[in-house]
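Here we start with a single chain on its own, the form predicted on its own, put down as structure tokens.
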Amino acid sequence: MNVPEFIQGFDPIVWAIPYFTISVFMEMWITKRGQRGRFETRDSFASLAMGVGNNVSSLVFTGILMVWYFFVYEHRLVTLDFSWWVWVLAFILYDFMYYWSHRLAHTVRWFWADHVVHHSSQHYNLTTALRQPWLSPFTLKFMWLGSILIITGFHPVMLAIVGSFNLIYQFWIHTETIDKCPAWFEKLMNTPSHHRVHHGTNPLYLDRNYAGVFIVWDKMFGTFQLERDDEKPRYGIIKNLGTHNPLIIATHEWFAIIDDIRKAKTLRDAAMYLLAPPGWSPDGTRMTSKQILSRWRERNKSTINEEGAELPGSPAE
């Protein structure tokens, strides 16, 4: 199928660069006036360096990715055109696939080794959104994320464009300067409040709110957590790096995996270091997110409803 002329060569990310730049400076200005939000110079420069490295990586590997996607497209089950409803469906289904891809990135260490880069900042501002990994193609996640949609008939160019808009949407939710959006918006869409939870290392917040655009996926699949007034998010990772060196940020978890596998006593343990959740260890000396949350709940004797709020009569009241 021929690609319509109006989208040939169209790259939403390039068009969004002025929006990214202006937004970062506006947030800095708001923060300096003593309002919500925090910036730390070295941390922000590290995030920007990770963003630059991610762009370089994309330039190197985009050709390989598109060759694979067009190969899959040649074997598609059906053909979908470029009608407006196909664009809408593609955007919604891409976000659905993003939810599951993102969830895997937190629950399978092989994928976490790549995604941990984005969570490594102990600050939460718009520069954090730019803190992106350099080695994503090596996880082979792209082999299935886009391929499932492409083989069902969506054109690779369409998927590239809706994926870019998905990424652009997620930029603005990386901020503390926005408290809460209107209630109807909070119920349907991913917002700064919901995504602050996702970046929190508080036990209650671990591995929650995986959504890209539509928070409804988390509500549907039991991973939604409200941001609580009495539980301010603490950002970063369970064991923070203590460095702003981009090379260490990009590779530290890969080297940790190699070290764990080298010390593994059995092939099963070696495989589990790759496929089990982050924090897994054969002797239980480390803890996964589920174990940390379970211990927290036991210690606080909290009763949490399906949206993560304290039920009446709980200790928090």
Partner chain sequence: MEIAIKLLISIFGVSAMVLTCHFFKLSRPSSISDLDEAKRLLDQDSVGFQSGASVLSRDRAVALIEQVSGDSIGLLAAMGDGVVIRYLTPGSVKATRMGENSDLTIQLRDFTFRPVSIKFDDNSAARTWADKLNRMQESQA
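Please read these numbers as outputs of a predicted model, since none were measured by experiment. Residue numbers count along the first chain shown, from 1.
Beyond what is shown, the protein has a form predicted together with the partner chain; the following relates to that form.
With the partner left out here, the partner chain still marks one of 100 to 108, 119 to 127, 216 to 224, 132 to 140 in the predicted complex; by a 4.5 Å heavy atom cut-off that stretch is 119 to 127. This chain lacks the partner; the member of Arg208, His115, Arg196, His244 within 4.5 angstroms of the partner chain in the predicted complex by a non-hydrogen atom is His244. Annotation: in the predicted complex, residues Val72, Asn166 and Lys187 none come within 4.5 Å of the partner chain through any heavy atom. Taking the partner from elsewhere, Trp15 is found to have every heavy atom lying beyond 4.5 Å of the partner chain in the predicted complex. In the predicted complex, no heavy atom of Lys301 sits within 4.5 Å of the partner chain.
Not displayed here, the partner chain is kept clear of Phe10 by more than 4.5 Å at the level of heavy atoms in the predicted complex. A residue is said to contact a partner when one of its heavy atoms sits within 4.5 Å of a partner heavy atom; Cys181 fails this definition for the partner chain in the predicted complex, lying far away.
Along 277 to 299, a non-hydrogen atom within 4.5 Å of the partner chain in the predicted complex is carried by Arg295, Trp296, Arg299, in order along the sequence.
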